[in-house]
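Okay, so here's just one chain, in structure tokens, the form predicted alone.
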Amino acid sequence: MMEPSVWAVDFAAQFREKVVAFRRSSPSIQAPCYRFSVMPEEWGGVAAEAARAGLRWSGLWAEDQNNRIDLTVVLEKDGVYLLVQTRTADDSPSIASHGLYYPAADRSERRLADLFGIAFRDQADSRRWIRHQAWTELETPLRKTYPRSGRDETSTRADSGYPFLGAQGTGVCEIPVGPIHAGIIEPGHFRFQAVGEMILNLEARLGYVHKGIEKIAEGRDPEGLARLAGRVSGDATVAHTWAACMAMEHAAGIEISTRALALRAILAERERIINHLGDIGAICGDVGFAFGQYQFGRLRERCLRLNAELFGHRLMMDTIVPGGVYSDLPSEGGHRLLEEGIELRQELEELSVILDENPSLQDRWSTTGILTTEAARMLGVLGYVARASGVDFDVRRDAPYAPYDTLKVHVPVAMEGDVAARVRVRQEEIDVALDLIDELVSVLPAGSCRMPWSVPASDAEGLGCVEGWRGEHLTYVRFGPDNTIARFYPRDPSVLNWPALERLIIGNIVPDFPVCNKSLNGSYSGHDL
């Protein structure tokens, strides 16, 4: 068992006289991870001390426990995760907001206010956020007493009356975009205030695709939960499923075979490659460079077809299962992956030169949509969005999990924080992913690709943390009796990345919104649950 790092000891010492219980979490949660509990009146002080100590705010969830509401926040520093929990009465739960110290907490708190009826005191923004007209302000859909199917079988009322920030002043106009878009993307509303083409403010309105993921997870068995997790956000099906299975396996105390772990990493790196290829092409298309969109789309399609051939599904959905992976790599699969990597590197090298030396392309990307390092840290953004703004964090390297704990993971970082930097970081991440796949395939260990399941005890819990292609995926699972799920919370990176769009777009022109949006590419579905 590892000893707590210096910062964890110092942080805990600030609360030693107040803490009800402080204990190192069991391996069923996740190492390196520690927990302690505080009284409800100390909840705001947790955020103050954590911010002072330089901890990153990573996630927040609640659970209805009959006569109380349990609230848990996840904080991180230097690759060590700290879970702080408190309990409030369930009749009229009220707790201090963390938003004063962590702007990243704002939307997560608004979400819990909508779903659990928790009042967050001194909250900067208390407007409703999730499933806008599907239930009244007095209904709390994630409480145990609320039926899974809801109480109203009629159609949900049209969303209206949301108090967007108003536009005032000579020459200032409002531009509404969405929630229904011209393409096939999911719904999201964006309200601009602009003078001419110059954007003064952007306010996003999400939550249109709330699916009730957390509610319908209750009572499922592990395999059923894994399938559900893979559908939280279809373009990150591998990352979400791995995080969910990791959490369940920690709860059950199951050790996964080294072969299964290597195969999971291969799947995750391929998911990173296909999404970066698709997004780079779309970013080219958003500034009128159709050649780039076609070429990167072509390469992505080739990767998708190999996925279907080797893993049975273009997006590799349902390939990760509790205890390992669904099926082994075909006998010629390793050779095919290595061969594709060689061809992909050659084509990407040629395309990179074309992108870098195209002045009209670079003119549209450079200095467009700048997210400063300070803003990125304040908002707690993740993945390539953070790394393109100088925030050097990657779970694979900084809180390594198998098999990455035996690999050297290079993490590309840029400082400019603009669209060009986000494209460049994505290009370099493709190269890193190809190198990792080569190494994993070359030393792929023998053995079983799936371990038998061991039924966890009631109340066993686990935390899964995986570096998906968008960044850190955080998943919490608690089991109930008879191998069923009592609580499931998957935190997609988009929850923390979406607010960055509102910040980086200010001062840009309206026609730059599509390329700025695609360079960030938050998941609507992953955000809305």
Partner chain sequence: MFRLLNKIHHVGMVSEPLVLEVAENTFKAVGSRLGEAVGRRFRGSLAIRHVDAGSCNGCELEIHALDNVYYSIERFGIHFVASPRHADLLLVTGPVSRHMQAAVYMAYAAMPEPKLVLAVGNCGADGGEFGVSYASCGAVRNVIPVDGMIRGCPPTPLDLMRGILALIDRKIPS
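Positions refer to the first chain, counted from 1. What you see is a predicted model; the values in this text were computed from it and never measured.
Beyond what is shown, the protein has a form predicted in complex with the partner chain; the following relates to that form.
ask   = So in the predicted bound form, does L138 come within 4.5 Å of the partner chain, heavy atom to heavy atom?
value = Contact check for L138: no, nothing within 4.5 Å of the partner chain in the predicted bound form.
query = Any of the heavy atoms of Y208 lying within 4.5 Å of the partner chain in the predicted bound form?
reply = The answer is yes: Y208 has a heavy atom within 4.5 Å of the partner chain.
query = With the cut-off set at 4.5 Å between non-hydrogen atoms, does S454 touch the partner chain in the predicted bound form?
reply = Contact check for S454: no, nothing within 4.5 Å of the partner chain in the predicted bound form.
message = Is it the case that G234, even though its partner is missing from this view, gets within 4.5 Å of the partner chain in the predicted bound form, heavy atoms only?
response = G234: contacts the partner chain in the predicted bound form.
ask   = Would the partner chain be touched by all three of R227, F291 and L315 in the predicted bound form, meaning a heavy atom each within 4.5 Å?
value = Each of the three qualifies.
ask   = Of I213, V411, A414, A194, which residue is found within 4.5 angstroms of the partner chain in the predicted bound form when only non-hydrogen atoms are counted?
value = Checking each option against the partner chain in the predicted bound form, the one that comes within 4.5 Å is I213.
ask   = Just one of P400, G334, P179, P103 has a heavy atom within 4.5 Å of the partner chain in the predicted bound form. Which one?
value = Spelling it out, the residue with a heavy atom inside the cut-off is P179.
task = Choose one stretch from 90-98, 166-174, 446-454, 295-303: the one whose residues place a heavy atom within 4.5 angstroms of the partner chain in the predicted bound form.
result = Careful reading of the contacts points to 295-303.
request  = Using the arrangement in the predicted bound form, list in sequence order the residues of 162-191 with any heavy atom within 4.5 angstroms of the partner chain.
outcome  = Sequence-ordered list: P179, I180, H181, A182, G183, I184, I185, E186, P187.
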